[in-house]
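Okay, here we've got a single chain as structure tokens, the form predicted alone, with questions on binding and movement later.
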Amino acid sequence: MNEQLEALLRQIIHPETEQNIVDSGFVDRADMGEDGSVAITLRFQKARDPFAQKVKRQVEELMAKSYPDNKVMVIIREAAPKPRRQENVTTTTEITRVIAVASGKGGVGKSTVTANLAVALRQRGYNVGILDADIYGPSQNKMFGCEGYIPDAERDEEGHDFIIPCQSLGIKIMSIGFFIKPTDALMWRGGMAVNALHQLIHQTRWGKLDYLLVDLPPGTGDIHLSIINELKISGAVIVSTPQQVAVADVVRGVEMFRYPQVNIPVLGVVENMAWFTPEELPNNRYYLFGKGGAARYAQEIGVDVLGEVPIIQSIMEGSDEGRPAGGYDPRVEEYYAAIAAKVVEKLPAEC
């Protein structure tokens, strides 16, 4: 180990051990090449150490400051064997209702609907959380302006570790996006994704929630089955656009929840991007993706239409700027307030 690098790394304290990362045994390698390049390997004692990304970022910042002209590479490795995960410990006991927000295909605005529905429920006075379960394409961290958030962790007296969620607009948010860089490609097999999801569900410090909205990935697969097994879901909301190719995929989403061994109530369908009205022509409606396709299908199979949401520019802008439009644009708030009212009406007081 390079002595100069070792001395620098002793400045970084691991939050759990309260000792520097060198003496705590987290630095596996710290070398400097002949060309001045810096290579550091951090090895943590437990799988997916909740402080790993935070420590890595501190090392990267320290090296960039100390060697601004040198190439720096910091790698995280896990010690083997992996410890047993915490069994029968969960932070979900104070969650009253869990709503799965799903779509048959991507690109229909499912995550946008999740974010704005959460805001609408919060505006009605409920305690709300969001679990971003779209492991391979997390977006709630961006939609709520939490991209730079690095979760801290805390340990209780029995040695159980818990993750602190981000809070934005009074909503608690947990996403795999907090643990990876925006440029990283998450190349995980199904089992790895399911294990990560287990931790996000059961180790996040949710506290008391009236509603937890779960933003599912598109389609049906391992993640959906894991969520169904891990959480007692009160009901599902299906998001679609009016076009026939999207409506065809809604069928699979609805049937998944209606499958006898799953048997989760489908609260209804939200038809997103239903029409477009230019601001200069407020009385005109242009049906860019067809008219009422999702609504017609919902009626055919006996599922309610929770609402139709038009294309409004502030919805797109709000998602990009990290503030859901339902929280500040009265035009958007109107549609999502109506959807939230129907969701609340359909779920019993205690689920």
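The numbering used is simple: start at 1 and walk along the sequence shown. In this text, all values refer to a predicted model and were calculated from it rather than measured experimentally.
Although it is not shown, the form predicted in complex with a small molecule is what the next lines describe.
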Which of 309 to 317, 22 to 30, 55 to 63, 286 to 294 lies within 4.5 Å of the small molecule in the predicted complex, heavy atoms considered? The stretch 309 to 317
If you check in the predicted complex, is G107 within 4.5 Å of the small molecule, heavy atoms only?
-> yes
Is M143 close enough to the small molecule in the predicted complex to count, meaning some heavy atom within 4.5 Å?
-> yes
Contact between S175 and the small molecule in the predicted complex at 4.5 Å, heavy atoms?
-> no
Might Q199 be said to contact the small molecule in the predicted complex, defining contact as any heavy atom within 4.5 Å?
-> no
Within 4.5 Å of the small molecule in the predicted complex, heavy atoms considered, which of T112, S234, T204, S226?
-> T112
Candidate from V128, A100, M273, V269 lying within 4.5 Å of the small molecule in the predicted complex - any heavy atom = M273
